[in-house]
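Only one chain is shown below, in structure tokens, and it's the form predicted alone.
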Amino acid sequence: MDAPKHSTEITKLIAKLHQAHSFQRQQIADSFQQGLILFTPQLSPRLVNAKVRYVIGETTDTDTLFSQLKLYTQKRSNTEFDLKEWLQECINSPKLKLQETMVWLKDCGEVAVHATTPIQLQAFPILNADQSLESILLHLKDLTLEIQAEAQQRLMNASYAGQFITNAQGLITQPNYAFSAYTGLKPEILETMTYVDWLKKQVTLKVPFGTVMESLLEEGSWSGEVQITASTEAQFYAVLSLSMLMDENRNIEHFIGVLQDITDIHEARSKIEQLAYFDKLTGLANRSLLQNQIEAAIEEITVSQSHAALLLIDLDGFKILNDTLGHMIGDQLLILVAQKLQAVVGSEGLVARLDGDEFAILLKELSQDHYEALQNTLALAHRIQEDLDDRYEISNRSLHCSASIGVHLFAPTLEDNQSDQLIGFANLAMHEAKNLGGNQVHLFENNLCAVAKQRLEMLQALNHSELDDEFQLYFQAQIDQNGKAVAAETLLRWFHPSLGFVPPCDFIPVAEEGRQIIKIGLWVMHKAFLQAKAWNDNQHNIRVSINISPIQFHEQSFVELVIGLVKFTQVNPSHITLELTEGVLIRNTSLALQKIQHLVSLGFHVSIDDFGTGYSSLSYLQRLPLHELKIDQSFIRHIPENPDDVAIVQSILKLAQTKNLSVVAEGVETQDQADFLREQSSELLIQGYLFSKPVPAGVFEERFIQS
């Protein structure tokens, strides 16, 4: 360490010692805070001040003084420093001048000092008028504080955290290297600034500036997250800690600042927030963020008395497309839809993706007027519906997609508004839009809650139903050109103890949604197999058709269950026709074909029900071992008056003739319909109310078999 220069204080002290008498000299020397020893040219002590006597004890003896003053060349070395020899060299120097060196003082005398104290020795020659040596003054200066300060500065500079210390006026006097690097300000620039100047220049606080100052004055410290703007290109997040140091009289001595870069932590926090609140595929808000925003919107409209709205959007036919073309194509479609929604909505609302192909839009602060808020919401909903009803180019494919949209407008006067409840209301409206055919907008109405409640009651009733007690098979005749019933379609009827008679159109969709259809469908096949065996064992030669739900058909064990039922009931599979809708071919087409081929190999006949209303491609007719087509009643209802329906029926009949397939026309209710169909083909079978409604097995047997 560089030794300090000859100080003005020592010079003044030497002048005083020259002028003073011996008694006064002692008083002057004792008042000095550092150690002083005045030697004769022969190195005998003339004067030892109180500071040195405190360390080595009372002595005027030369040898005792030098032996008691234990000085070493190094802090952790046993090599003693020969003070007497060093002083002698100073005296013998050709030119008498200030000499200085640094040594280490260890425990000595009766009073224990710091185990190793750094001491700076300065030898000042005191000359007579003739420039001869009168005395030599030895100054012993304790360097502990200076070394500690230097060590502290080195530690500060070695730290990755930016640090600074100010003086009492707040000027930044000791910035470390890291602080200069973070702020881009050189030490000489920082030393012209107070910490307040720096705060205002580069720091963006998350709390009011007055809060920081108040905390410093009242508590002596403040810490918080800030944003540092070192330049237009260099910005980062940090934790800034400020402390105020005061003396015992509460006078400010220093301010200390510590700046810890948390950019990585901030980015990690943003990443976690992204994962927690945003959809990974589309980048839109997810359900959690939507629910948070709905709760916030509820509080806001309570204050502002404005309306808010929630739109729930579900893509029509997405599941079929996703299962047919694969999830990669489906994901690309979802991304394109998300981009369209974001473009249409813009800053007007929050766009979120919930699950699968479900999206939501939250619109806040619409209007205090109910009618105006409703019109604006519906206008946006229709604009979204029109924009989504489009073709999407994905992987060299042109795919059409549309959407069903449910709208719920909620007002500040509504009670018990909760995010889950509001999403549920919009969801009910969206499902109603789907039930009405899809690709449209439907506004939530209170009666939808009653419908949903009925569906829930029905679902619970299905879960606890006793099949043998509540369900019954009905049969509807299929009549040939001779007026004879040659086949019968099996139809299911549900008579619940409390719900009463529940139509199939009501409970079948619920059973399929809740997958109770698997259990019910197995029961139907079992009973129908037994009935077919009973009729045909009596030589009645009646074919029994059974509707198979797509949910049931796609069960992995479906074929094995059918084989088991055949063995159990001993039915002849050639007396059974399994009616499948075209929809079963959409999901996992290759596996569906394998199942159908297996069933045909067992002797079952296979019919395509509701032909012409489902799968758009007829290519499957080339691959399937089919036996029969059933013309959907929607094409029968308006013949022969409607030329379009006539053309469709004629096309189906021609196709069936080409493929050598049987045809059943269902839903025939008038003689004109029957006559027209007979004119087109004498071999098709007619099914409908014209001949009979569905009836129990006993009635069917009495009416169509025994007669």
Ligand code: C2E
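Just count from 1 along the sequence shown to find any residue number. On a predicted model such as this, the values are computed, not experimentally measured, just so you know.
The next section is about a form of this same protein that is not shown, the form predicted together with this ligand.
This chain appears without its partner; in the model of the complex, the one residue of D279, D142, E582, E579 with a heavy atom within 4.5 Å of this ligand is E579.
Proximity to this ligand in the model of the complex, defined as a heavy atom within 4.5 Å, holds among L240, I228, A373, I517 only for I517. With a 4.5 Å cutoff on heavy atoms, D30 does not count as touching this ligand in the model of the complex; it lies far away.
Taking the partner from the other structure, this ligand in the model of the complex has no heavy atom within 4.5 Å of any heavy atom of D316. Under a 4.5 angstroms non-hydrogen atom cutoff, this ligand in the model of the complex has D610 among its neighbouring residues.
Although the partner is absent from this view, I165 stays clear of this ligand in the model of the complex, with no non-hydrogen atom inside 4.5 angstroms. For the marked spot (S288, Q342 and L350), a heavy atom within 4.5 Å of this ligand in the model of the complex is absent from each of the three residues. With the partner left out here, this ligand still marks one of 386-394, 487-495, 264-272, 298-306 in the model of the complex; by a 4.5 Å heavy atom cut-off that stretch is 487-495. Residues are counted as partner-facing when one of their heavy atoms sits within 4.5 Å of this ligand in the model of the complex; in 659-692 these are E666, G667, V668, E669, G688, Y689, in sequence order.
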